[in-house]
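Two forms of the same protein chain are encoded below as structure tokens; each is given separately, as structure 1 and structure 2.
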Structure 1
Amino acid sequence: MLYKDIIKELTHIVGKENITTSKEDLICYSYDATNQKFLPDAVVFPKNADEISLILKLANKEGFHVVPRGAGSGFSGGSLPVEGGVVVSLERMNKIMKIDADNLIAIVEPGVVTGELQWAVEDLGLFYPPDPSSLKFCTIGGNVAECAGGPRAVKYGVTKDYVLGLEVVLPTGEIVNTGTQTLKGVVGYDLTKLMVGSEGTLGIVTKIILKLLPLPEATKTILAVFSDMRDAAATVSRIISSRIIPSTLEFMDKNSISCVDDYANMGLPADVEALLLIEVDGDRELIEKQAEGIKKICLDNMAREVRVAGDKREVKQLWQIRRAISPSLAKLKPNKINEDIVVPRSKIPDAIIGVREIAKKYNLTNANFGHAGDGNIHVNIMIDKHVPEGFNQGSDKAEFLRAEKAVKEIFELVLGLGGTISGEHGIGISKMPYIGMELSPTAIDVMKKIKQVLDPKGVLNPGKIFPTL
């Protein structure tokens, strides 16, 4: 427990209504979407960079830990206070400060919900493309910290491609501004890129300057249904090599779809092996042509049915299916080991077939879906960690151990195919044990040194990314 006088100091900084130590509140800030829980000692709700600066200075002086948190929708445990300390919730810093239509930029506070920014700019005919499936509730700050991506990454890239500049409170409490409000800028090292994807370990982001695009004139949404998963995977590679760049190319396998109630209500064939959800956007005439081209590639590759969404409602329904997959997998088995691997796009069939074989070898339930267009597949191994009382502990434990082995083999497969073990969810605590499989000791050493320089006392978000620090 933190000392009473530290709480007093913190109260002084943020005000009495913006700090809590009640057990009930601490519980509500102990988890994220990994479904794991670590109780903090206190939660504070600062309103600006100055308050956060004071908090971090105090942390350095008194030696307590500070963990930044957006919406707590993270999939790698980044916002969990694994070693206790103070959670800094950015929920109050949720203002869109400026949308500059002349210069195509937006300036936002970190707690702004991604979808809310998107709707606000779309009202002005502008476009903020990064679209994690969690966009209706995750925050831009969390997106920056994880370098979140989404289906549109295949054409538009990920969060890092839109961050022009940041205001960051460093772990030692200094406030720095990185980057520019301009599209170009090469003065000094690129601290902006260093911060993006640093998972809340190198600084707390308090302001974000984002690049916007003009809103594409129109989009077309296509759903292709396959009886053989390999045909679907091959279709992905074929579309990419045909030089049509869809704005979305999502893959879903049978197990993934089976959990989504909405799918059943859409009058689509029940006994399918895989679906592809494909979107093209841009000029109205051009996308008609592209949609035709994609339809043909799908059919040439043995698609059983190809459906082009007729109206907005159908588009919404199709996306609803896709977005519901991840959380509804719990219907297969209560716990999921969720890996967001990426492979070169031509290797998607190899990756998916390989994963299936590994799952089969270890007798595990497996569901795969994701942003196939950029080679990013969410591989889920479903297990039941919960052991009912009086139940033979051995068998379920064995399932968990088998799953761990399978994960390791999947990573070996992915790295062997020239891929990476995490495309967008980050390392946090979930993938910490595996980081050495992908990064060389030298690379890890450089990263640790960077952390050391910025956070000499190790106050900010400890216990993440690197197995020992």
Structure 2
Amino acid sequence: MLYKDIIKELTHIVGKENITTSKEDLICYSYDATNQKFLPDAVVFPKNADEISLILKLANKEGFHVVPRGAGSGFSGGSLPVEGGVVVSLERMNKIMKIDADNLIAIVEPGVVTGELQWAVEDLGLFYPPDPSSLKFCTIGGNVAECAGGPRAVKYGVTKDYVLGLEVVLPTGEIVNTGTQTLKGVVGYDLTKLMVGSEGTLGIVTKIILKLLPLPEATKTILAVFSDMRDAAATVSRIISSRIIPSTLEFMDKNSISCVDDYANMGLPADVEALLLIEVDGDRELIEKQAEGIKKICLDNMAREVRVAGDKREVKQLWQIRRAISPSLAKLKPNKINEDIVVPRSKIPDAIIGVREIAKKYNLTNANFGHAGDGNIHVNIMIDKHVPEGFNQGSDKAEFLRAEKAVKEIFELVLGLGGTISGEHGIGISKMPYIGMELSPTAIDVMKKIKQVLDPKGVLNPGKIFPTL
């Protein structure tokens, strides 16, 4: 609970129209895509780095917590005010400050919606590749905090590959600029890369310098359907080894396919085990040749059907299959635990089969889809209800406890296959209990020391990533 004098000081910093303590408003900033809820004591809407600096200096003086928030679309709880305090919403800081077509950079504020940046640069013949599935509402600042990826990561990489520099307000209130506006720069430690993916625990990003690319001339989209999941996985490996690097190589398993077909009536075969959605981009003549090569590889690896989109309408139809997955999964259960494991591409069948066996062991419903091109699989354990801590009875609680046990075993499976427990969602609070499964005590200790140096009073986004500080 914040004292009245603290609220008064915050109001003085941001203005009375840019702070709220009403219960109705606080609820709107209490949750994210995990569906867990933690009520903040106040929400403020600063307009620049100077105001955020004053907020953090006040937090250090008065001892309250500060939690930065973008669109609240994260799947790991990184923006949740788990220990109360003040949520700093960055939604007012939503300007595209500069698009430099000569030097292929953009300078943006953290509240810029990812999709809106992409459309703005594409109008100028430029390209910003990172494309998380929430791009129509997630923000660049949140993408930076989580190092977001997306389907195009197989060819173009993830957010960290496009961040050249940052303006960051440190937990103690100092404002620091990291990186450069140039492609090269090795002066001092790479503080930019340190901040990207730090989940809002080391600083609040207030300005981002992004690398852009020329917009590809054309794209070609292909859908391949398989009766055997191992054939689909072999196709993925064969495509990559053939020196064709698709811009997208997406995967869906049997349960995902069934849900999508029921949800959107796509006319997909009912007895298939796997589906690949593949896209190539670049020079028009080259991608026609690549598309034919991919079609042949799919057929050589026992694809039962291959569709090559002939126009924009057909492209839209094929992508509708992929985009319909998340809403369609509600057919199985109303809620889900969504994990974003990554394994070597050749291990995808072992991962999927292993996950299915674990789900069967705990009598759970499961669906898998994701970015096969880089081995990033979204494992969805479908449940009736997320059960809050302290609720200790009923079938919902029993199912949730089984799901938690299954998640731990899935992570053990993934690590045993040479993978990682998170490819793009981050750790936050959802994976915090499992971080020691992947990182050594020494590595965790080094990270904690970095946090302690930058945030000696522990005011910024506490209770995230590490079980204890």
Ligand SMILES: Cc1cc2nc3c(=O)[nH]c(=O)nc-3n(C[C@H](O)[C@H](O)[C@H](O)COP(=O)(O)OP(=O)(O)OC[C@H]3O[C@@H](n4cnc5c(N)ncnc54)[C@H](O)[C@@H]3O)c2cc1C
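Fair warning: this is a prediction, and the values are worked out from it, not measured in the lab. If you superpose the two forms and keep the largest set of C-alpha atoms that fall within 1.5 Å, you have the rigid core. Residues are numbered by position in structure 1's sequence, first residue being 1.
Of the two forms shown, the form predicted in complex with this ligand is structure 1. A displacement of less than 2 angstroms separates the C-alpha positions of G293 between the two structures, with the rigid core held in common. Comparing the forms between the two structures, the C-alpha position of S328 differs by 2 angstroms or more, with the core used for superposition. Superposition of the core reveals a Cα shift of less than 2 Å for L277 between the two structures.
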